[in-house]
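Form predicted alone, single chain, as structure tokens, below.
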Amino acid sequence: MQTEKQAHHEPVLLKEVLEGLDVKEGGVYVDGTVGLAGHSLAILERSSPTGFLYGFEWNEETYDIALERLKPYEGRFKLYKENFAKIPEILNQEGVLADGVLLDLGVSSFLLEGVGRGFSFKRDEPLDMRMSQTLGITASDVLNRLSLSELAKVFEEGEVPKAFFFAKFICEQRKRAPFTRTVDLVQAVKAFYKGRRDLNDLLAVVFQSLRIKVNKELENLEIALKGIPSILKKGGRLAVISFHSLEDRLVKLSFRNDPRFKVLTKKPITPSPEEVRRNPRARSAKLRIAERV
């Protein structure tokens, strides 16, 4: 596992986020996905000396790292070990309205490589995939316990090719031996999609579909998108960085259909070629921004 010193994360679209949220001195901001605190630190610096940040980080390991990294700004932030779906509830409890809210829906390289929960198909780890250990079901539970129709739905919603037939294959394989480790799933994908040249892309989509299911990612995003306008000041902004079409579609439709929002990005903002060269993980990032009316 990576240590706090080894953990590195370059915040995606940082300049664009700071400009899009219109971060100012003395403002109140929310980072719903603090991670390793890259965006949070920049927001606190830009809003110095009196700006305040409410941060949310669900994963236990990254929460501890973020808390340590934010210490220079002691007294100007509060960090919650909660999912961003809790933003409206907690800001209501605090009795504050925000000038800006950021949701960066990407999974950091630290989570993929540093916590040993099976997020990456490139490592032999337990098939867990829970962002927070407070969650009930693991990826192993999904693969071993769901019925054929339920499992097919997971893969269909995750846009896995030949979802029903792949689910059927998994159900046949688990009769012989349960899926407990990432290598078990990797072998199943390779066996089912034999001969395909895009195996790494297929593995990424299969793993992503399970992660989305285990962590209720789309449900939590929907809850947040519905609730966040209520805790924004008039003129306050919501910026969302998504990394796959399922999330981006949800954000786009929510912004377009919510009368409380004015959409500021007709087309999503994407990273510059220079940023992609520097940080290849940023290549699929899409930033959309809306303003509270």
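Values in this document were obtained by computation on a predicted structure and should not be read as measured data. For every residue, the number given is its place in the sequence shown, counted from 1.
Just so you know, the form predicted in complex with a small molecule exists too; it's not on screen, but the next bit is about it.
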Partner-proximal stretch of 197 to 205, 165 to 173, 83 to 91, 141 to 149 relative to the small molecule in the model of the complex, 4.5 angstroms, heavy atom
83 to 91
Is the gap between F56 and the small molecule in the model of the complex 4.5 Å or less for some heavy atom pair?
yes
How about L36 - does it come within 4.5 Å of the small molecule in the model of the complex, if we only consider non-hydrogen atoms?
yes
Considering non-hydrogen atoms and a 4.5 Å limit, does the small molecule approach G158 in the model of the complex?
no
How about V107: is it within 4.5 Å of the small molecule in the model of the complex, going by heavy atoms?
yes
Within 4.5 Å, heavy atoms only, which of M129, L111, V189, A98 is in contact with the small molecule in the model of the complex?
L111
Exactly one of S254, S242, T62, S47 comes within 4.5 Å of the small molecule in the model of the complex through a heavy atom, and that residue is T62
Does the small molecule, in the model of the complex, lie within 4.5 angstroms of each residue among K24, G236 and T270, using heavy atoms as the measure?
no
